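The data below hold one chain only, encoded as structure tokens and taken in the form predicted alone.
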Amino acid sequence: MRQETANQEPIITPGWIIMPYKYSVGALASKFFIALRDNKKIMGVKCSKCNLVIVPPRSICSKCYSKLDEFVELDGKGTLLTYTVVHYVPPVEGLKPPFAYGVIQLDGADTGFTHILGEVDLQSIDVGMRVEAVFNENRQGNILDIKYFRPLASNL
């Protein structure tokens, strides 16, 4: 039977298969997204060994490899470490160019947090400027529950 089909061309039929699925982000990220959605709070995890605070949370410390599970609340304010201005239409963001992404070190955190910068003059963005999180009104439990980070009034 194998030899009979071995010499035949495969039949290819173009089409789409709709496959619903659910993806779990895990226990730590679930707590992070629930806090964003339900309370407009940004949570990090603190390492009990080396005191490193990581945002968004991870289960293992990147410095000492300890297990992480101690949540700490951050106030949503931070310092812009670096940024880029986007001048093209990205395939997954619903933003019209030009717009900016920034890496923000939130107060009390030891890691950078990448997100959209909003309510900002693209010509006056500056590394070191202070920013704060602005939350979407209709939050769904994902990273876009933070609408963007905007400059603090003290920068203007």
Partner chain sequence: MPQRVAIVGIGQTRHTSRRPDVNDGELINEAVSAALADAQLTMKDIEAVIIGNMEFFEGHHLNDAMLIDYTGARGKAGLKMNTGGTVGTMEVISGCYHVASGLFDTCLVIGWEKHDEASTTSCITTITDPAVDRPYAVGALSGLAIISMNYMTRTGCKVEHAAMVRAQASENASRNPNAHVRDRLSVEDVLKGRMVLYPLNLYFLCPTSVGACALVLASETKAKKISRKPVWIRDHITVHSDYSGALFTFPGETRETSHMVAGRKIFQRNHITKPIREIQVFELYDPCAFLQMSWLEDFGICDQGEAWKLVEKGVTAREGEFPVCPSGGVLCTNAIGDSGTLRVAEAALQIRGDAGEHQVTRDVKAALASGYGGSYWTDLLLLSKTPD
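Note that the structure is predicted; figures quoted are calculated from it, not measured. Positions refer to the first chain, counted from 1. Just so we're on the same page, rigid core means the largest C-alpha set that superposes within 1.5 Å between forms.
A second form of this protein, the form predicted together with its partner chain, is not displayed here; the remarks below concern that form.
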4.5 angstroms heavy atom contact with its partner chain in the predicted complex for A27: yes
Partner proximity in the predicted complex: R58 to its partner chain, non-hydrogen atom cutoff 4.5 Å: yes
N138: touches its partner chain in the predicted complex, heavy atom cutoff 4.5 angstroms: no
Residue contact check: H87 to its partner chain in the predicted complex, 4.5 Å heavy atom: no
Contact segment among 100 to 108, 113 to 121, 127 to 135, 58 to 66, judged by heavy atoms lying within 4.5 Å of its partner chain in the predicted complex: 58 to 66
Within 4.5 Å of its partner chain in the predicted complex: residues from 10 to 28 (heavy atom criterion): T13, I17, M19, P20, Y21, K22, Y23, S24, V25, G26, A27, L28
After fitting the core, N138 CA displacement of 2 Å or more between the shown form and the other one: no
